[in-house]
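To begin, one chain is listed below as structure tokens, in the form predicted alone.
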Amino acid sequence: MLKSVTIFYETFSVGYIHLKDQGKLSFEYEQKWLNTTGNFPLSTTLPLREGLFPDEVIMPWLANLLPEEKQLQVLSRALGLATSDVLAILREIGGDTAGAISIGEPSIRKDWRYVPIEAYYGKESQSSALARHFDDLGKRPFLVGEDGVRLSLAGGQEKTALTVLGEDGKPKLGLPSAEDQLAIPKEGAPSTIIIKPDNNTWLPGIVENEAYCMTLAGLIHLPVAECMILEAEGRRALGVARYDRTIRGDGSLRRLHQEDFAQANGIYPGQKYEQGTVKGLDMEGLLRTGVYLPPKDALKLHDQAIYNILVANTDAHAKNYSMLFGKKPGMAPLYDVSSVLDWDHVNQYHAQKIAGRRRKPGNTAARHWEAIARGSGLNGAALRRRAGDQIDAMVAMRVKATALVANQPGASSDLVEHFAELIEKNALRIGGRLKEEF
């Protein structure tokens, strides 16, 4: 029976999660961590201070580090643990998570190992090894149970976390080139790239869809995670470079701490949507989270929310926005952006209520932007102008974004153009209503 589990930043003890007899958790910071120069809080809900934080504060933060839905069910069965036993699951897989911390064991640089996936699966090409890896993920998410592998990523979508190795065999940041290798990080080593396989049964074209949305965002100057399309023996996948990693002067990787807005607001993963009887974050509440951010970063948050509305990313929930922790919290780049417009079988309402109601893509009018602004402490006219500026930029960059994505190996140019057309029509419809009377 676990009584106490340590949270580490590399080899530094950050604090302790205590398990009480009745199953409740509490958390307290290590005194040395509180006195360490360059320390950071685990969460806006866990500010740096002495004393215990109760179960209702630490549990939502921990739960948001785990995968969800089918991924969590398969993973917990492989571990022989209940899906509700959050701490025990993280004790097993929480070595490389979103952000900088590891749970239960320190991350010791001299022990880090990277195994190229070709060598791991006995394949001659990265494409065939990646296809084999995707098959593996369906049976054991994040290679759970593999000796030396302790990985966890939040969300319900099937995905993997790997490390890009350069020609010199050392880990590197960014997207892989033809000469680079993808490797499985072991013994606490950081991953540098997240890879999401296609899902043609439920979300046909998801790879081209997300690649287009994120490429377009970058072209209109929104900070966004780098992405590319990868081939895997007839399958496609989206590779997304991790933004919560950096390189030290000695060439080794360093994790950067982050948290998503579900964690920042102390809500559970199941509350990431503002739907039905589940009380989560509405759009106004989401934007009010910007009070933790410097003014320029708060504007980045507003721009991300606007863009998700314009492209009809109805799955843009509280976990699809994050902040990075430095001396002060800052807004993380945009990520996990895709359009719902071609998928009638998927929920067509935005994850957060807009102006108090569930709304479909294209139905956001001038009065709704004004309501968002009032509820978030923003200027309505300025918010509508920012939306209009984004629409103009999206139209101007459509051709370039389409070409950049369509020309990637394995991409379907017809699908890319199809999504581009749907997204532009939605944005223009919203743009046509920005100056309505209200």
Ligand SMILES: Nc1ncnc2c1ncn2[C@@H]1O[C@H](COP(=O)(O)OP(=O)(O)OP(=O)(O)O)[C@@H](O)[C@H]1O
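Heads up: residue numbers just count along the shown sequence, starting at 1. Everything quoted here is computed from the prediction, not taken from an experiment.
Heads up, the form predicted together with the named molecule isn't pictured, but that's what we're talking about next.
Between the options Gln258, Gln271, Thr289, Gln181, the residue in contact with the named molecule in the model of the complex by a heavy atom within 4.5 angstroms is Gln258.
Contact annotation: of the candidates Gly156, Gly174, Gly356, Pro204, the single residue with a non-hydrogen atom within 4.5 angstroms of the named molecule in the model of the complex is Gly156. Note on the interface: of 317-325, 300-308, 83-91, 107-115, the segment with non-hydrogen atoms within 4.5 angstroms of the named molecule in the model of the complex is 317-325. Using a 4.5 angstroms threshold between heavy atoms, Arg242 counts as touching the named molecule in the model of the complex. Though the partner is left out of this view, Tyr335 does reach within 4.5 Å of the named molecule in the model of the complex, counting heavy atoms only. Of the heavy atoms in Ala225, some are within 4.5 Å of the named molecule in the model of the complex. Mapping the unseen interface onto this chain, Ala98 counts among the residues with a heavy atom inside 4.5 Å of the named molecule in the model of the complex.
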